[in-house]
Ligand SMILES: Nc1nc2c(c(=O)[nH]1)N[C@H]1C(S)=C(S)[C@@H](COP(=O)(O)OP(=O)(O)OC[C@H]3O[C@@H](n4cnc5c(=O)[nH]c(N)nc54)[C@H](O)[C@@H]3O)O[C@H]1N2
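Below you'll find only one chain, the form predicted on its own, shown as structure tokens.
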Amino acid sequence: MSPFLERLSELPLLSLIHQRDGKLTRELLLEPAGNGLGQLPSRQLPDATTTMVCGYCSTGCGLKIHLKDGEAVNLSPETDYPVNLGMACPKGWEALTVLDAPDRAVTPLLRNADGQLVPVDWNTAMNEFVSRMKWIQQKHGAHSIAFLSTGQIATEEMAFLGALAKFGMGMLHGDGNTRQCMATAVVAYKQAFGFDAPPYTYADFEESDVLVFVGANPCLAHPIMWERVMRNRRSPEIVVIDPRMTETAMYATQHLAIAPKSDQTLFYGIARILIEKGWVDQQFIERSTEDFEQFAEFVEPFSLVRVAAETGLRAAQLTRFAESIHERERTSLWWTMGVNQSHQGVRTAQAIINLALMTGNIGKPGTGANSITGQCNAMGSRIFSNTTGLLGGHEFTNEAHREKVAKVLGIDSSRIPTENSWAYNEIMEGILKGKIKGLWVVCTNPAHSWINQNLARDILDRLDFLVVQDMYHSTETAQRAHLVLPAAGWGEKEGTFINSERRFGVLKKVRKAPGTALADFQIFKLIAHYWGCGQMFKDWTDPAAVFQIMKELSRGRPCDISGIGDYRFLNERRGVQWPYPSDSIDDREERRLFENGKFFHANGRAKFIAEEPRPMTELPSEKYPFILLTGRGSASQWHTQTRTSKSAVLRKLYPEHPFVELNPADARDLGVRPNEWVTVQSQRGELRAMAFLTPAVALGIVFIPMHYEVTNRLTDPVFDPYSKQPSYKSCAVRITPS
């Protein structure tokens, strides 16, 4: 054991008490005790329960963890948690089960001279990590190493990783996989509101008169949010804007089955109707917004005739949609990946925001331009990961922000980069161009999830040194790594997550990680020591201590949480939405932003922003006549199925093999029968899938769930120019019987 590991063992340690040979035995773990919430107890072993936030999606449900002899044995949904109110989806019910998978990474793995990943101890792993990363920097420059992070580890761990990499190790480039899901919403909110600020609370699902879902399928992708919609007693209009007849669209009072990627045109056309009819909130516009006159002039050419032609909708459908917004008191507009993952996602999101602003549907119950987040802690990544912005909602390019962060952290401000990192796609391009030689991948799986998969894998294979830090050694990316670092998962460590409605929830340690796997926090602590910058993080003793640092970093920013005491405070209040500054007197369980009509730009106004729509970059052709859409497949699948595939129960709830939804008329023309295997090809690759014939997809459109390993062989590496988010949702393909 290294001297540093020996010193760690002298810290106040967590004790795991278990039964061995009929006797109670105490085993010391590496991790410090933290604040004591949800820990494995060291003295008494009562059967009990504790509440913690779920670690799958951004809904942020409260789960009641049932303990026996101090360790988690089961769970149930928490009845009084303000998010889920006693409900849980299949993934949440199986959250503990997937921790016991046989392919858990239980020790560091190092690729040997024969090309095999073999077990090594932590001392060897750390020396290998540091020596090879430093050698790359010495040979190719400080910026020749980079990291790719995640939206699925604790906020405190994200902050530690970002600070360690950029302030301690001298990296400039590091991005999160939230670039794949939320970058569009981030940029849209920043430009329109002055800060990345989703304004809503989940109560708005229940308090709207009109709910508009754009490229969103919450019935399947966010089922607990959909349960909140089902609690609505205002007889709401439910408007679903989606090319497919999704599960959510089946419940809609209005399904606007638009042509793929025509939603920006649609919203400009609706705005024109509202302006032409005088159905706008002029008082709110004058008091709280700017550039409305230019916007009104911009949308003038978007006539009913033009919009109907470009969207494929009837004029009567457009008129009814506009009338619904006008006639009902409260309209909320919700979007997710169908908007974000687009070649023009930012301007489409802002077209949605414009509708909320011009009708005064923001800052009040049942209203808002509301982006539904994807991952459990994507919001934490957006504010505290040190990737798209400086810690605590600050900017790398702002000198005053750098000075403030440096003062809080007790470091020289010269250690903080003065420019932004490359985005995810630019990091991948940097590898391809030979500018980045070493990559550290934390809790994400780009060999499966990144767009144009064949090229992505070729890029990863070009690295001199690829480090993957993950719960499982079996992921497609881990299998390509030179070094695998075994990480603890949800329920095996402490910290906080921030959900879609900006609510901080507590993550607790209720079981021991397998083997010598460590919490990501402790891995970062080890790397800081071996790198030689451990003294910089002497106050970062445990996640609870880092939470206090985060509070100071956020002070004075729109995301200010300086008034939140500690984890116990969060636990007692069943989570707290930001902002919650030190002088806060607002203890409402659910709070929305902009109730005073003030936004985060210097003048307090929101901006109307618009731009001429652009066509898809890859249109159907004679050779590739279909448009491929991708998205969620079932409520039981999650992302690359790294976790959900480990549950026997969840595996029974979704098809084992890839399938493609195909309109029956198209199938007849192709000679394809139900449940036959077909080959789906794009210009980048091909896959085999089982044909599922359904009128839920229109003629000329096909759909494949994103969760299967092969799906991203097809997708087209096109990116929004402002958010750099990939356009996963549309590309041209052909289908042939196999």
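Quick note: we count residues from 1 along the sequence shown, nothing fancier. Predicted model only: the values in this text are computed from it and were never measured.
This protein has a second form, the form predicted together with the ligand, left out of what is shown; the following refers to that one.
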Residues 281, 354 and 555 all lining the ligand in the predicted bound form, heavy atom within 4.5 Å
no
Counting only non-hydrogen atoms and a 4.5 angstroms cut-off, does residue 469 reach the ligand in the predicted bound form?
yes
Touches the ligand in the predicted bound form: residue 170 (any heavy atom, 4.5 Å):
no
So in the predicted bound form, does residue 260 come within 4.5 Å of the ligand, heavy atom to heavy atom?
yes
At 4.5 Å between heavy atoms, is residue 220 in contact with the ligand in the predicted bound form?
yes
Using a 4.5 Å heavy atom cut-off, indicate which stretch of 429-437, 173-181, 135-143, 272-280 touches the ligand in the predicted bound form.
173-181
Check each of 246, 350, 496, 208 and return the one that places a heavy atom within 4.5 angstroms of the ligand in the predicted bound form.
246
Just one of 637, 155, 332, 522 has a heavy atom within 4.5 Å of the ligand in the predicted bound form. Which one?
637
Within 718-738, the residues having any heavy atom within 4.5 Å of the ligand in the predicted bound form are 728, 729
